[in-house]
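The form predicted alone is given below as one chain in structure tokens.
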């Protein structure tokens, strides 16, 4: 049974790339910011709840080095992406969106259905080396209006050179959208240095904030050019004006917010984000690398699908045991090792809930 800031977990939990464990203190924190105001049942309920959501935005700004006003809560990445692309005025001469076949399919689904025949998707082949900026340069042709860059690719555990991709796209007059779902909370991220136009992410994975607390970030330079179509009273400059004949966009990223928001997911995630900020993401990453290297030391070179270089590797190791994989997977499950698999191999994600002793037990099963 593991110790640390997360809840006790029987076995060895290595699934933070999928669903992060909650903190021991999360349940009480959610009770304080969500249940207690509701139980009080007075006219200040929304005052308390909106403060909890504002805290979510504040903690994101601290973690990612961005302005609080540039963050907008969202239910999931797919909804956020659909809202973003539908808010833009697309030029007929630049009506392609560039993305990789290694990106998460849900994002591509959202792009396809949000824009219909107005925009075409252009894919970089799965076998291409998307860590090579020259590959992106070759595919950023004159018809591309938006580039989607996934900071960490979930199938191979590879980091992409986001800062170089966004800089190149800006030089070419192409908008950029970055997906940080697999990197937020485990890799240091500085949005100010990326010069991206849009960033989307979620707190369900390494943050340990649970499902439903996603977000989008917009560059201050792009906000005024975005005209969201999916709006609600919280997209309005004055949500409590209640004039049915008048609508005016929020001046900041909250113009993408929509109708009555959910509260609980953001109250819960705000607490997890604050804990990460207190610990320091650099410290969390150092622990992750230490345990990942402990695993790598027990592998042969051909078994490691993820990059060996820590600067190119995500928090997740993709390991291919070839013909031994079915048998070894059964052994890992028998010993209560919690993991999952993709086409390229087993995915293992050491986090603060793991210890060196646990990793030694894991590698002893190899």
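Positions refer to the first chain, counted from 1. Please read these numbers as outputs of a predicted model, since none were measured by experiment.
Form predicted in complex with a small molecule: not shown, discussed below.
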| query | finding |
| --- | --- |
| Contact check for 106, 152 and 205 against the small molecule in the predicted complex, heavy atom at 4.5 Å | yes |
| Non-hydrogen atom contact residue 182 with the small molecule in the predicted complex at 4.5 angstroms | yes |
| Partner proximity in the predicted complex: residue 78 to the small molecule, non-hydrogen atom cutoff 4.5 Å | yes |
| Listed range touching the small molecule, judged in the predicted complex by heavy atoms within 4.5 Å, from 235 to 243, 162 to 170, 98 to 106, 127 to 135 | 98 to 106 |
